[in-house]
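In structure tokens, the next block holds one chain alone, the form predicted on its own.
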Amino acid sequence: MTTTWRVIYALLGLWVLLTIAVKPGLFATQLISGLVYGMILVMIALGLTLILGLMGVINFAHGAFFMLGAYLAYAIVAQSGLSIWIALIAAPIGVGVLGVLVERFLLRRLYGTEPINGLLLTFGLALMIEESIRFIWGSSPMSYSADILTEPVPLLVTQIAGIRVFTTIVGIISVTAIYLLIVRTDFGLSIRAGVQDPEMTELVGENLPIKFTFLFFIGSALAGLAGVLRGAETGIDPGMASLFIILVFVVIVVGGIGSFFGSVAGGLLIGTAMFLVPTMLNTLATTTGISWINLQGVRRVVPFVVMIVVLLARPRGLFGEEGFLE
């Protein structure tokens, strides 16, 4: 580590300590909000990383799958009057089945061709899904109830909504389950072997097409699950797909393309930075009396600033060389 980076890290640490000292409650609230937001990014990014890292497909429709999960939950909870618990199971399965159909009848025809073909196909698919949602449910923002998950939960110097605690728990369980599936099971071993040498893997009796299809189901369902949780927390609108797919690509670049651990670290880093940086700027402006430091709308550019800083320090991302999917 160079002296310049040591100085930057030291100044950043002092800035964080100043914010904690001046506004401890707000800092805690924003930190928790950032981690919950980051967990949503992690769940979406993990599905995209699985598909990209193992199957080599740049699935631009992944954000639309995330949005579709939220709208299916709205149809189940708000329009049908069923419980959020049913939506948490049915919506991800529905999105996963759609992912299977896309992989089986569209993307499989493009395996072995230029990656741009898959990118263009999934981009067009994302537009079709978004316009279909506008046709069915309209363009206005909507919401649905998360039942008992709306109750606040006391946590140290602040309170956190129950749905946020639940989102964090589901995210941790999802990350752990996918890690164990890929690293600790024969399924994951055969998938990784198939990526390295597909012909030899099929010669020993492994049915790779079916396993790749199942992997696509898992990645798509995980995006749908993230959509259900995000929709229950903040509501839904047709613009959520384009917003999150851009952020998720930033997460993947920051973490290292194709890296499992990079997706987790990148998602939490981006989510936390988006909520903490505005608070830290506000604190610095209040402390120094320099009002222009408190930049309005800075949250929207924070992910890209973080990406630039990370790529300057590590051009392949945080885990670009150490991810086990590479």
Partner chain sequence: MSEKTQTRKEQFREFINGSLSIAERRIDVAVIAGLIAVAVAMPTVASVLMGYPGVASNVLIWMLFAVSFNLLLGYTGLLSFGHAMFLGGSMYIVAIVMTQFGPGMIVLGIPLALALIGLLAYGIGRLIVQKGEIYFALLTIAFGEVVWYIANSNPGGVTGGDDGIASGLLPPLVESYRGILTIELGSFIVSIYWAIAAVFVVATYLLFRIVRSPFGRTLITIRENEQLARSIGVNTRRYKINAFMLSAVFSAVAGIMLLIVNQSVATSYLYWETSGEVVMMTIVGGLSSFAGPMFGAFLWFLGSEFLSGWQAIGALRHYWQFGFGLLFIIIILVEPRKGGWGAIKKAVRWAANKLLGGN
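This one's a predicted model, so the numbers in the text were calculated from it and none came from an experiment. Residue numbers count along the first chain shown, from 1.
Absent from the display: the form predicted in complex with its partner chain. The rest refers to it.
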Q) its partner chain isn't shown here, but in the predicted bound form which of 141, 154, 115, 81 has a heavy atom within 4.5 Å of it? A) 115
Q. Among the candidate residues 209, 235, 162, 124, which is the single one with a non-hydrogen atom no more than 4.5 Å from its partner chain in the predicted bound form?
A. 124
Q | 4.5 Å heavy atom contact, residue 178 to its partner chain in the predicted bound form | A | no
Q: Classify residue 184 as contacting or not contacting its partner chain in the predicted bound form by the rule of any non-hydrogen atom within 4.5 angstroms, answering yes or no.
A: no
Q.
Can you tell me whether residue 23 touches its partner chain? I mean in the predicted bound form, with a 4.5 angstroms heavy atom cut-off.
A. no
Q. Even though its partner chain is not shown here, does residue 131 get within 4.5 Å of it in the predicted bound form, heavy atoms only?
A. yes
Q) Among 87-95, 225-233, 164-172, 104-112, which stretch has residues with heavy atoms no more than 4.5 Å from its partner chain in the predicted bound form? A) 104-112
Q.
Each of 43, 189 and 193 within 4.5 Å of its partner chain in the predicted bound form, by any heavy atom, yes or no?
A. no
(Q) With the partner left out here, which residues of 284-316 have a non-hydrogen atom within 4.5 Å of its partner chain in the predicted bound form? (A) 295, 296, 297, 298, 300, 301, 304, 307, 308, 311, 312, 315, 316
